[in-house]
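The form predicted on its own is given below as one chain in structure tokens.
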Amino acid sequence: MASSYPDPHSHSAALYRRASEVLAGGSTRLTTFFSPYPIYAVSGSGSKVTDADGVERVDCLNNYMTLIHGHAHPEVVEAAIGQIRRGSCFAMPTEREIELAEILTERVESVETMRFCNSGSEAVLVAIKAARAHTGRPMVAKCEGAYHGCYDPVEVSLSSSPESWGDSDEPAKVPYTVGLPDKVMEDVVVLPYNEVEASRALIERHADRLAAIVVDPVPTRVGCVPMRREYAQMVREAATRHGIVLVFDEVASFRVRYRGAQSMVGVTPDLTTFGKIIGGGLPVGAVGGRREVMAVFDASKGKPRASHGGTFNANPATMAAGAAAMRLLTEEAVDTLNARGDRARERIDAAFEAAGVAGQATGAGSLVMIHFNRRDLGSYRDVFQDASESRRTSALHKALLNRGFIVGSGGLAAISTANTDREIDDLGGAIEDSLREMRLNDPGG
């Protein structure tokens, strides 16, 4: 069936009008909304999603990096359904959580013990709680523009702009949410991503009050620009020298290497947060790391230094689906997946070149970000989109919807094992056609 977006008479448009009556803003997820209305999914299988109007598209976003094996992989589905038949949740632990923890602790060298929760945001919250309990300090350092979920401290300076971001060597603390208490911002240090000396100076200045340094090796909101090895080494050395807990947020970036993105930058963190792919398509989060730091949650000898509970933590359906997904994600599968990511970046770069439009693709492994510029990209300020770039990124997203491809409205793609080389090549062709059409419609854009 042909795609025509936007269409005010479509089923998706009608569903959005209906949703607007009962859901704040007509949506429950900021990331799935785009104007004038989001497209509603009905079903997914492998690399394809069918929407409410019967239109089938190739999914190159995979629920924002979650579905590493695409939609409804038979082995993952069977694992989840099999567990649900035996019971979806209990007021008791199950063997399923041990199995998934064994897989992850074997795979990631820095993770000795771990605990599960229900989202990546929650995992970051739990990691910061552990760092504070371990060190007895209040402050958190995070990089400008980096997304670590919806926990107040790590939302600071998430979307600062040239009008607000201040000195490049000492980024301003900019609230993301209206009404954020000043006290929250007082306990946050904002680091300039990939800027070694400036970040080192800020860490040194606040070292005696810093509990944690939270970094993402491939931050999606910083254009999927990989962390430079010298930057990773600097934060590791500074954290060790001052007794600060180094937290790697691998909720998204864990997929880029078999043993996580930390193996790519050659640095061992004290704690790692997980989510997305480790749940097999069901809600999940986890934090793990050095036994000494994780011991703050140990209740076996009395009240722990940090409390951590949750009704659905380590629910067996998620644990079973996650274990199935991780077993399928072998080293060979990751290598193949990463080769497709390389292929996607090459095809996108070629599409920009052929269409005569300034642009490029960045990323690592199976994570890909599309940019409407040819700048040398290393930091948040480098990748920040001006109004023109933002407008063209949005236009490309909608043009691709009408050519049968799903990417993020901000230009993100996350390739799954279900995506084929042919689909990657076709995506490149669709981007080239879209760019040519955009150029014809807006020659000055």
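Residue numbers run from 1 along the displayed sequence. No experiment lies behind these values; they were computed from the predicted model shown.
Omitted from view is the form predicted together with a small molecule, to which the following refers.
Next on the checklist: Within 4.5 Å of the small molecule in the predicted bound form - does that hold for a heavy atom of every one of 115, 272 and 314?
Outcome noted: Negative, none of the three is within 4.5 Å.
Checklist entry - With the small molecule left out of view, which of 168, 159, 263, 119 would have a heavy atom within 4.5 Å of it in the predicted bound form? => result Contact check passes for 119.
Checklist entry - Which residue among 232, 251, 210, 368 has a heavy atom within 4.5 angstroms of the small molecule in the predicted bound form? => result It is 251 that has a heavy atom within 4.5 Å of the partner.
Checklist entry - Would residue 276 show up as a contact with the small molecule in the predicted bound form if we use heavy atoms at 4.5 Å? => result Residue-level check for residue 276: yes, a contact with the small molecule.
Next on the checklist: Taking the small molecule as it sits in the predicted bound form, is residue 65 in contact with it (heavy atom to heavy atom, 4.5 Å or less)?
Outcome noted: Residue-level check for residue 65: yes, a contact with the small molecule.
Checklist entry - Would residue 148 count as a contact of the small molecule in the predicted bound form, using a 4.5 angstroms cut-off between non-hydrogen atoms? => result It does: once the small molecule is placed as it appears in the predicted bound form, residue 148 has a heavy atom within 4.5 Å of it.
Checklist entry - Is residue 216 close to the small molecule in the predicted bound form, meaning a heavy atom pair under 4.5 Å apart or at it? => result Within the cut-off, so yes.
Checklist entry - Out of 179-187, 148-156, 314-322, 222-230, where are the residues with a heavy atom within 4.5 Å of the small molecule in the predicted bound form? => result It is 148-156 that comes within 4.5 Å of the partner.
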